[in-house]
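One chain comes next, on its own, written as structure tokens: the form predicted on its own.
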């Protein structure tokens, strides 16, 4: 395993930790599927970066965060639910990205397979993941209060709109951290599946957060190991998602039992 693969694996592990935590709050806010759509907002930026020979992640970051801010503004101005506003922006972003992405780069953009991670890229990815986890730790109580009682949160001085914006931005940053090896189509899978699986096993918040992150990390480790020693696929993302789906299936059977 050369240095670029080691850096990618480290970024993937820390991304998995952050994704597991973000997914718990996204599930409690009932925006898991809406969050799946957010990852597609990066596609036009990836397409423009491919066309201009720029860093794909830089292009994806621009449209991802601009799209997130647009969703927040539309939600405030129109009063539409988060999933409705995301749907409007998503349809436009996906169509634009599909039109302008070079055909030879489309698979990499959708399913991962962007250039290998450099040391600088690895450090940036680790910083992003640590920032997400630290910000969630600081926002945890306000997020929980806003989720279970927005009225009480407002009365106690919590700026609900600002908390929602921060969470959307953290969600988008998590998606961005996973774009390199998960792609725009699957980047949110590790936000959705581990949290959904963990929720079947526990209702206590601390256990929920820990179990979701553990499932996310195990899916990443298992996916990389399977790909390195057995399957040798061009991208590891589908394996990671399939393993996370197996954890979810196991959680359903365990709950029934």
Partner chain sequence: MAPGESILSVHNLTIAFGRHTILENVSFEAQAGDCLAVIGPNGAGKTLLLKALLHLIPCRGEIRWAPGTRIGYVPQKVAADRQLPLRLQDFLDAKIAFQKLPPADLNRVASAVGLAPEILDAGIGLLSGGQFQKALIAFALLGEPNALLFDEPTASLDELAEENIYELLHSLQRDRGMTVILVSHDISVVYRYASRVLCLSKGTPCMGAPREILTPAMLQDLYGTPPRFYRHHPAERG
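Here the structure is a predicted model, which is why all the values come from computation and not from measurement. Positions refer to the first chain, counted from 1.
Below, we turn to the form predicted together with the partner chain, even though it does not appear here.
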Quiz prompt | Sole residue of 133, 100, 123, 147 within 4.5 Å of the partner chain in the predicted bound form, by heavy atom | solution = 147
Quiz item: Looking at 96, 158, 169, 128, which is the one with a non-hydrogen atom within 4.5 Å of the partner chain in the predicted bound form?
Solution: 158
Quiz item: Based on heavy atom distances of at most 4.5 Å to the partner chain in the predicted bound form, which listed stretch, 46-54, 23-31, 216-224, 61-69, is the contact stretch?
Solution: 23-31
Quiz prompt | residue 152, heavy atom within 4.5 angstroms of the partner chain in the predicted bound form | solution = yes
Quiz item: Just to confirm, residue 205 within 4.5 Å of the partner chain in the predicted bound form by heavy atoms?
Solution: yes
